[in-house]
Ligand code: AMP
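Take a look at this single chain in structure tokens; it is the form predicted on its own.
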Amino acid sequence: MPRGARKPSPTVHGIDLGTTYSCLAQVDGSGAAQVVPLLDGTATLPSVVLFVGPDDYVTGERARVLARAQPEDVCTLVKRRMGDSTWRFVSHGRSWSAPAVSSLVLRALVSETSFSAAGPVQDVVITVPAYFGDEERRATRLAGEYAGLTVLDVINEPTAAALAYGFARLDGGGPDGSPEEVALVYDLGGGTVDVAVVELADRRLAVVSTDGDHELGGADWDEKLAVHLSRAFLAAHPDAEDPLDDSAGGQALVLAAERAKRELSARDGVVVPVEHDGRRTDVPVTRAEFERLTAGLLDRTVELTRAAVAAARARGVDRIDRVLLVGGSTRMPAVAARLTAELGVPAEVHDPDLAVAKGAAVYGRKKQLERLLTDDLVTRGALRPGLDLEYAAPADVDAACARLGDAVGLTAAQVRRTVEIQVLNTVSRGFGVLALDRFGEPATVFLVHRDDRLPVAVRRSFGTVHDDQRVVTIRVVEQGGGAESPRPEDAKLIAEASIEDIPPGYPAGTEIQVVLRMGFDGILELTALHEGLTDRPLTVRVETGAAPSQADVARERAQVGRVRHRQD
């Protein structure tokens, strides 16, 4: 390492914390993103946790295999519960929140990949569905913290997939020098579906619009097929118990349905043996029959796709050049066929299981190099602490890129291109405040709208309700459904704060100025100012109403730390 060069910080890893499968990726010495294999050589870990005792758990494929013996102690699809403060999984007398269960998946993933990773897995970027709201994103960060990781950022899954696809173009290496390309990323995973329209150009990825549903995914296709198999079994054995009424039988049937779904992606038909209650029947299923059973599910994803395309069109983006399919469930032939017919552009299955984690690793590498460059410039007095790289002199940045390139095995140009990549994201949900309408009834006033470009800062003035009003309470809400609604019951209350000790003498209608800000990290900040308290603005970093207390966080962190991950 050249004299004066700073020792590089550990690799920033990318993690796809999936509903059904999770994986971890890193950028190798050549600059390519690679998924780090597990101990058995596979790339993905089933996101399944089986509690085998109060202090022991197993994960992954082994948990799936053992689940039939302990069906009440196996937790699956926990990602769908992220952000739900009331949900708990109870096993062996202990209760687990969704972040706590997810942290056990993360711990197992780190443990399984640590032998093959380029360095310690500590600093990470974790992916989330684009349609995740504020509470779900905070829960994901909390899961990483419970697992002992430093979560540098969370990034939307379609954005990560687009990064993995477009990195050659983004780092200045596009082979044909073609102008900006518009891609639709359709991400159908095991438990969520996301659609995003993104613009890709030299060193710039801009999200235009997003839509999705984190309660819809490949697991729903499995469930539809499992119900069909159960009905066929009962038709053959009318006096037998329904497999789906028994925990172990239902678990086995869903796993059989998942295997059949995978086989039907490559074959026109399969025969599924269903065994339960001492009986057996072989159920033939054709691909066409499976597609009829699940047509409604695919229709729903197409509706979401149309909504994302329409939102992009409203923002001036009226073409789709590429359709990229990611997520394991996009292997079903009906998906590509339907989207190709819908959009008139051939749909490409793009590294379906691994693209999201690879994109997160690419973004992590960018974050790592940005941090190292900033540290170098600040240490040398070429940049004031807290300022972005753009405030440093170009010559100082060039010199820092050369020093850093020598330290990490890259050219100065490669360092510069990577840190100059822009990832421009949008707001996933609308946010606003509750106020009284002209009839004196509570109504939601949206200040930040879905698909607004980040960062965003919106200012709005309101008035007090009463003369001599001493306290003003401001309630921040998040869009609750697919569309903004003025009805308070259609929104989710995520925070409230009060301006207190207002001096007397101010009439009704006195101005209250409210500013909502959201940075690149998707975290809201509220500022409110009463004209009588200009020296005391109310500023609060919005914490969701579902955020656990410090005592709950400490208790859960200790509980996670006590349990052992069994691999024997």
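Residue numbers here begin at 1 and follow the sequence given. None of these values were measured; they are calculated from a predicted model.
One more form of this protein, predicted together with adenosine monophosphate, exists but is not displayed; see below.
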In contact with adenosine monophosphate in the predicted complex (heavy atoms, 4.5 Å), from 466 to 474, 273 to 281, 99 to 107, 185 to 193, is stretch 185 to 193
(message) Can you tell me if residue 20 lies within 4.5 angstroms of adenosine monophosphate in the predicted complex, counting non-hydrogen atoms only?
(response) yes
Though only this chain appears here, would residue 432 touch adenosine monophosphate in the predicted complex if you measure heavy atom gaps against 4.5 Å? no
Heavy atoms within 4.5 Å of adenosine monophosphate in the predicted complex: does residue 328 have any? yes
| Does any heavy atom of residue 332 come within 4.5 Å of a heavy atom of adenosine monophosphate in the predicted complex? | yes
None of 204, 449, 88, 262 but one has a heavy atom within 4.5 Å of adenosine monophosphate in the predicted complex; the exception is 262
Only hit among 309, 219, 421, 377 for heavy atom within 4.5 Å of adenosine monophosphate in the predicted complex is 219
